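Below sits a lone chain in structure tokens, taken as the form predicted alone.
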């Protein structure tokens, strides 16, 4: 009969910790005369520690945690670090932090693991504080420490602190290291002021380094320097999937959606398999272009290569289908997702909201809460937006109150904007004005813009003038605000004021947003902007338009002529 240590030494990889925990209890014996004959592996590493490396979820880690406490193994600092690592691996950062705090004298490994967990949990400030504590404890940072702390600095644009870390790296005599120096490039390029420093770090490499150059490409793109990024990308000798992904993501973030899809197609034609970031960015580009056919093709490609629909990819697909007008496809993706987080729920609720399906939004909200997912700020923006489109004023009030008092979420500008829009569309302008005046922070142009739009809709010139005054103070050069006010005056019969507004727009050369329409034909998105002739086939389009007009005139004549 095997001992517990032997049992875990021979634990089959396909079995979970919870199943084998019972087996361990069954085979355990109080004492063994031949303990010295146990396999050397199990004598060096206690069974629960071996188990920690096999755990795949939170419950399994908790069970092994209990074994460590009962056996007293938890008292060894090295085991506390391993337990901490297991909690970070299963993304339970509260338990990870509690475990770290229980370690009397954490070593560098424990610090690094906790810093990594804090960065993964979107808590970079706390990671920086932990780094300071590591130094105060007299510990010497290693390469992993520097990689994590630089990542935290880049996430919060802590350029000053990042420079201090760079100074420590130089004093420590660390030679150009791919990961540390790539993190340095990321940190410096998180700020436009640091790009020159990022270029100097890259120049420190004696040979071509793709990873470091990828970091600088991403840095250029994050600061809007698209041409510099493209030049470095084109000159890159060994492009990997991260190189292509950086360009696809960068084009998308800079609003160059068509270019993003072009580079994505080149990536595929170069026989480079796209990573998750490239897939998500290309789907985002499709969503913003309304390129449904291309979005469907990318979805089919994901299915064809057998890629797992992760939460991130699934959410991107939902957003793409919803924005491209195919809400049923979005819902089908949502239903089939094996895992969903609050962002996935937010995407599908917002999707149904923009499609005017308020009842479905409320149903999904109830399902989400029943499933144990706590709604966040974005969820309530979607719900309030649904109420606004449907004209459900009282329901909107109910959800707004629930957000504040039941879930403890402080209303943001977006939430107030939704409520102002809701009340404005319903013609309850006095309530909308009262809500604006009661806001704890100064209303921005989004709030006053929504209020002005409502005043225009209901021809309330007095309140519209109030909104317009605030808007001209906040955005004195916005032609769109003047244009909206001019329409309001014209609708109310105040032609003199409407003429004055038009004169102001003309004399000051204020730009107004032009109407844009697009159509997708054979996977290519054709965009048309009002007042411009910028299409390569505009002559053919105008000839066809004239032909259609002539046919319509002939048809009208045939209707008018009596038989």
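What you are looking at is a predicted structure, and each value in this text was computed from that prediction instead of being measured. Take the two forms, find the largest set of C-alpha atoms that superpose within 1.5 Å, and that set is the rigid core. Residue numbers count along the first chain shown, from 1.
What comes next is about the form predicted in complex with the DNA, which is not displayed.
Participant: Can we say 177, 180 and 284 each have a non-hydrogen atom within 4.5 Å of the DNA in the predicted bound form?
Facilitator: Checking in the predicted bound form: 177, 180 and 284 are all within 4.5 Å of the DNA.
Participant: Based on heavy atom distances of 4.5 Å or less, which listed stretch (327-335, 428-436, 313-321, 289-297) is in contact with the DNA in the predicted bound form?
Facilitator: Every other range fails; the passing one is 313-321.
Participant: Under a 4.5 Å heavy atom criterion, is residue 280 part of the interface with the DNA in the predicted bound form?
Facilitator: Residue 280: contacts the DNA in the predicted bound form.
Participant: Please tell me whether any heavy atom belonging to residue 159 falls inside 4.5 Å of a heavy atom of the DNA, as the geometry stands in the predicted bound form.
Facilitator: Heavy-atom contact with the DNA at 4.5 Å: absent for residue 159.
Participant: With the partner left out here, check for me: in the predicted bound form, does some heavy atom of residue 424 sit within 4.5 Å of the DNA?
Facilitator: Because no heavy atom of residue 424 falls inside 4.5 Å of the DNA in the predicted bound form, the answer is no.
Participant: Given that the partner is absent here, does residue 253 sit within 4.5 Å of the DNA in the predicted bound form, heavy atoms only?
Facilitator: Judged by the heavy-atom cut-off of 4.5 Å, residue 253 is in contact with the DNA in the predicted bound form.
Participant: Using a 4.5 Å cut on heavy atoms, which of 402, 98, 459, 376 is close to the DNA in the predicted bound form?
Facilitator: That would be 376.
Participant: Have a look at 505, 66, 45, 54 for me and say which one sits with a heavy atom within 4.5 Å of the DNA in the predicted bound form.
Facilitator: The option sitting close enough to the partner is 45.
Participant: Using a 4.5 Å cut-off on any heavy atom, which residues of 221-254 would contact the DNA in the predicted bound form?
Facilitator: Contacting residues: 240, 241, 242, 245, 253.
Participant: C-alpha of residue 396: shift of 2 angstroms or more between the shown form and the other one, rigid core aligned?
Facilitator: Stays below the 2 Å threshold, so no.
Participant: Could you check whether the CA atom of residue 106 moves 2 Å or more between the shown form and the other one, using the rigid core for the fit?
Facilitator: Residue 106: C-alpha displaced by 2 Å or more between the shown form and the other one.
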